[in-house]
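In structure tokens, one chain follows: the form predicted on its own.
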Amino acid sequence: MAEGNREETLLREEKSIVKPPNPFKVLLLNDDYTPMEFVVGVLQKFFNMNQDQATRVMLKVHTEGQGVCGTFSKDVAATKVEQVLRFAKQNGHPLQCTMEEA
């Protein structure tokens, strides 16, 4: 019986570089109909801001057209956008919320 050469294969361990997922900013957009108090309430309810923080962001939305509510992973940002839009619609307000890569 003939014996063949057995080759031993050594596997070299490769180090993979895992980078964190890209962050996404959640933004509120200004409109002429949603009351400022409602916007402050949304910021407190969905973004855990205190009264002063929420008021500052609301004023930025009012004066500059948009304001950043926070920066999150893509999935969390998408969930927050959906929650804000649903809550605004349920309360009869046209408040718009969107997300963009940070």
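Start at 1 and count along the sequence shown; that's the residue number. Source: prediction; values computed, not measured.
The form predicted together with L-tyrosinamide exists for this protein as well; it is not shown, and the discussion that follows is about that form.
At the 4.5 Å threshold, heavy atoms of K45 stay clear of L-tyrosinamide in the predicted complex, well away from it.
In the predicted complex, L-tyrosinamide sits within 4.5 Å of a heavy atom of M36. The closest non-hydrogen atom of L95 lies within 4.5 Å of L-tyrosinamide in the predicted complex. The shortest heavy atom separation between M49 and L-tyrosinamide in the predicted complex exceeds 4.5 Å. In the predicted complex, the residues of 50-66 lying within 4.5 Å of L-tyrosinamide by at least one heavy atom are, in order, M58, V61, H62.
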